[in-house]
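Shown here is one chain on its own, the form predicted on its own, set out as structure tokens.
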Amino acid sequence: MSWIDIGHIDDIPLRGARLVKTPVGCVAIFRTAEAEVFAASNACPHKAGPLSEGIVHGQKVTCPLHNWVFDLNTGEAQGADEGRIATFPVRLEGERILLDGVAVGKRSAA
């Protein structure tokens, strides 16, 4: 993997998110209350709601438009909702957030 330093952990508030523009679209970087980080597509598959503006709770995010909930580990919709958001490898190295450059550099063949 080729890791890209995208910022300091404190650049993202607890239970918040920030956007990173990539060749695969906008990727939301989420920070949980426990200071864990996750990376996922910013668009809800239901109506393209901006997930970075949603509510982060535990290791999940709730879409701000229609309250769909997604697991940030798997991207799977929770409860009765069906769908999935793309997730991307991300890690903390000290207090720096690193995003997998290979995963977010892939372009669609379509």
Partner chain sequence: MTKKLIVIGAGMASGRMLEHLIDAAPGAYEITLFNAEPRGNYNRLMLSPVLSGEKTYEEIVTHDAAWYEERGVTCRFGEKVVAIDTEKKVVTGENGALPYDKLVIATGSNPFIIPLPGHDLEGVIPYRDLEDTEAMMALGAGKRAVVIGGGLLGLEAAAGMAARGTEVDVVHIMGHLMERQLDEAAGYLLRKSLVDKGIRIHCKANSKQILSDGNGHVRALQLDDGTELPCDLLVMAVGIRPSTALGKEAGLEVNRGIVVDDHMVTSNPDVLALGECVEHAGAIFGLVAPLYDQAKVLAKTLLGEEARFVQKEVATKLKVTGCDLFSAGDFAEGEGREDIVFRDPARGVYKRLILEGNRLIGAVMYGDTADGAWFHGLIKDASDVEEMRETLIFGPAYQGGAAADPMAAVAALPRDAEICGCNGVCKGQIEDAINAGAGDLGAVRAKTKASASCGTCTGLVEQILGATLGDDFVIPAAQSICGCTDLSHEDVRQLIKSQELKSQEAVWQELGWTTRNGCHVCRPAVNFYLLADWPLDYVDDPQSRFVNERNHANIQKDGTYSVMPRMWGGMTTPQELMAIAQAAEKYGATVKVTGGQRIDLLGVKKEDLPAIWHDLNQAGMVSGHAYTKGLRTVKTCVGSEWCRFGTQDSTGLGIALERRLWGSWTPHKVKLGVSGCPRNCAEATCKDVGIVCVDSGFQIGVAGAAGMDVKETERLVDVRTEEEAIEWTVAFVQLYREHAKYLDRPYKWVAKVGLDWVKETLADAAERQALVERFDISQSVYQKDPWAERAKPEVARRFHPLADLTLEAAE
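For clarity, every value in this text was computed on a predicted model and none was experimentally measured. Numbering follows the first chain given and starts at 1. Here the rigid core means the biggest group of C-alpha atoms that line up within 1.5 Å when the two forms are laid on top of each other.
We do not show the form predicted together with the partner chain, though everything after this point is about it.
Visitor: Give a yes or no for E36: in the predicted complex, does one of its heavy atoms lie within 4.5 Å of a heavy atom belonging to the partner chain?
Guide: Within the cut-off, so yes.
Visitor: So in the predicted complex, does any heavy atom of I4 sit within 4.5 Å of the partner chain?
Guide: Judged by the heavy-atom cut-off of 4.5 Å, I4 is in contact with the partner chain in the predicted complex.
Visitor: Just to confirm, N67 within 4.5 Å of the partner chain in the predicted complex by heavy atoms?
Guide: Although the partner chain is absent here, N67 would touch it in the predicted complex, with heavy atoms inside 4.5 Å.
Visitor: Even though the partner chain is not shown here, does P45 get within 4.5 Å of it in the predicted complex, heavy atoms only?
Guide: Residue-level check for P45: no, no contact with the partner chain.
Visitor: Select from 30 to 68 the residues with a non-hydrogen atom within 4.5 Å of the partner chain in the predicted complex and write them out in sequence order.
Guide: Heavy-atom contacts within 4.5 Å come from T32, A33, E34, A35, E36, F38, P50, S52, E53, G54, I55, V56, H57, G58, Q59, T62, P64, L65, N67.
Visitor: Once both forms sit on the same rigid core, is the C-alpha displacement of A48 at or above 2 Å between the shown form and the other one?
Guide: No, shifts by less than 2 Å.
Visitor: Tell me, please, whether between the shown form and the other one the C-alpha of E34 is shifted by 2 Å or more, with the rigid core used for superposition.
Guide: It does, since the E34 C-alpha is displaced 2 Å or more between the shown form and the other one after the core fit.
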